[in-house]
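One chain is shown next in C-alpha cells, namely the form predicted alone.
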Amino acid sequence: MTAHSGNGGDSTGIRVASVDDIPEGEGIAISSDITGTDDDIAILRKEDGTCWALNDTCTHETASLAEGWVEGDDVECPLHSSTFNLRTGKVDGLPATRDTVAHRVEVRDGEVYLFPGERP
C-alpha cells in the first residue's frame, strides 16, 4: 500500500497517514515525491501500536520493506527474509549485509508524522 497524503515538510513533520491506515505488524510505503528524499520510506507498525520508519528498499535485493512483516523490533524483507532493526536500520539477519536508514516518526492524535533524515 502506498500513502499519498502529506502536508509538506516543516518542523512539525510531514503527516503521512493515520495510525489506523497501517495494519498491526505491517507497513505502508511513502513516496519520495512526498518526503523529498532519494528513496521511498516504509512506515511500519508494531503490534504495540508504535510506528517506525526505514528506507523502503532492502539493501540485499531491493524489495520493498513496506511489503514485509514486523516481528518484535525488526522488519523482515518479503523476498529473502533479511531483517532490519526498526530503531536503527541495522541488519539483524542475513542475507543483507548493509544497513538501511532509520527516520524519526511521531504519532500525535492518531496521525503519523514523518521527519525524513532525522534519526529516531
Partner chain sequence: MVASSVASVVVVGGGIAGVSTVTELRKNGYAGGLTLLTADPFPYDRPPLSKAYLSGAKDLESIALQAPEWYAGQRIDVIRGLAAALDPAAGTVTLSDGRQLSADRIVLATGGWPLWPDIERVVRGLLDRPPAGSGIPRSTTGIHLLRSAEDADGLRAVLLPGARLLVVGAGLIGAEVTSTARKLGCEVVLVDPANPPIAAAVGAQVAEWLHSLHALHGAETVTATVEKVESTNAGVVAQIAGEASPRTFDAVLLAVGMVPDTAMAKEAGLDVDNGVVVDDHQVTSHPTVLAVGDCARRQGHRRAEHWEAAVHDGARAAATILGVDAPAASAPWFWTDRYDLHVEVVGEMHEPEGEHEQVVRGTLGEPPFTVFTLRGERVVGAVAVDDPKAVRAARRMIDRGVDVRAADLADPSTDLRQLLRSAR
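Residue numbers count along the first chain shown, from 1. These figures come from a predicted structure and were not determined experimentally.
Although not depicted, the form predicted in complex with its partner chain is the subject of the following passage.
Distance criterion of 4.5 Å from any heavy atom to its partner chain in the predicted complex singles out 24 from the list 106, 24, 99, 21. Although the partner is absent here, residue 43 is not a contact residue: none of its heavy atoms lies within 4.5 angstroms of its partner chain in the predicted complex. Heavy atoms of residue 80 reach within 4.5 Å of its partner chain in the predicted complex, making it an interface residue. Contact annotation: residue 47 falls within 4.5 Å of its partner chain in the predicted complex, judged by heavy atom distances. In the predicted complex, no heavy atom of residue 73 sits within 4.5 Å of its partner chain. Contacts of stretch 91-108 with its partner chain in the predicted complex, defined by any heavy atom lying within 4.5 Å, are made by 92, 94, 95, 97, listed in sequence order.
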